[in-house]
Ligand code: NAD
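The chain below stands alone and is given as structure tokens, in the form predicted on its own.
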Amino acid sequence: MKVKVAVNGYGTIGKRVADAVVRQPDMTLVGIAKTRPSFEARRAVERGYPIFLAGSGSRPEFEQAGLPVAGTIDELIGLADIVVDSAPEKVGKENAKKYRDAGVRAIFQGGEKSDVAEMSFNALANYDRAGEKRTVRVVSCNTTGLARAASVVVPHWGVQHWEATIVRRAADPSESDRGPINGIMPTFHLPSHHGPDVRTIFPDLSIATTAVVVPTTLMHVHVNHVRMARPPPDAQHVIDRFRRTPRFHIFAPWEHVDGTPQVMEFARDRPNGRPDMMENVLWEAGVRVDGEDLYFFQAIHQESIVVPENIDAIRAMFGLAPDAEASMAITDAALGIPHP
């Protein structure tokens, strides 16, 4: 069985999800939806992806740009078993009724509120719960990173309380009209929304988050302090456990990866076709255990970390793999993510 997937929205996340779908052995891409011509729409045509009109999209505008249009968003939905909605923030909520009326399953992104779907999803944390669901929300990049880490820490050492400071990138690389140019901007919503979002996956987790925005486009960085219930004897136990878990990449001191610039240079050297880092990035030197307290840094590539989660959500919803480990192994092999 090959699941027929439509992608509504072909921006930062949508184009990556579309590319990921076509590399899966059990999925096929039936088309993507765009509202206006762009270089990304041209790339879609070059890749052989049919373009359908979304929102206020104009067929003449696309055709004048030399971009063929296969139909409307309603026609695209009619071809699909599931729609991955990667439309701009809050637009997914508007699209939900359209998918529901068409009787098609849907996956939404973390920019939407959690009530847009039946559940919030992370492959390591709750893959099994997505079986037979009609709607699923893949949580945001930062929540994905925290949920993956919690999937390691919670079952092995327990958590009394977790404090995380999110050092946020100001904008994606292509967003030249956003972000502070020369400043550090505190987020005055205290605690930040990330902790409650993590609890949509780990409802009993005691976690509080704060955030600051800094003038970079490369990655987010999380500064984590976890008070553990059953602490391991040393940091090496924690490092080894992260290293044995899918979707974590640990840099050793001898690699001279001092921060996010070298992480992204490492990603550029990967033969994946796009300079993405879909794993949580940790540093051996940035993990410390002091009694009950665990400290660790992790870096999160906001443009790509949720891509494999979207693929696993599709597989979970249609029962294409027996469990999370099997699904992640298929996804990671297709996307070139090293799998332990």
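Please read these numbers as outputs of a predicted model, since none were measured by experiment. Heads up: residue numbers just count along the shown sequence, starting at 1.
One more form of this protein should be noted, the form predicted in complex with this ligand, which is absent from this view; the next part is about it.
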Please name which of the stretches 167 to 175, 114 to 122, 240 to 248, 221 to 229 has residues with heavy atoms lying within 4.5 Å of this ligand in the predicted complex. 167 to 175
Answer with yes or no whether residue 306 is in contact with this ligand in the predicted complex, where contact means some heavy atom within 4.5 Å. yes
Heavy atom of residue 141 within 4.5 Å of this ligand in the predicted complex: yes
Residue-level question: is residue 183 within 4.5 Å of this ligand in the predicted complex, judged on heavy atoms? no
Using heavy atoms and a 4.5 Å limit, would one call residue 275 a contact residue for this ligand in the predicted complex? no
Can you work out which of 136, 87, 146, 83 has a heavy atom no more than 4.5 Å from this ligand in the predicted complex? 87
Full three-residue contact with this ligand in the predicted complex, heavy atom 4.5 Å, for 9, 55 and 110: yes
What residues, if any, in 317 to 340 have a non-hydrogen atom within 4.5 angstroms of this ligand in the predicted complex? none
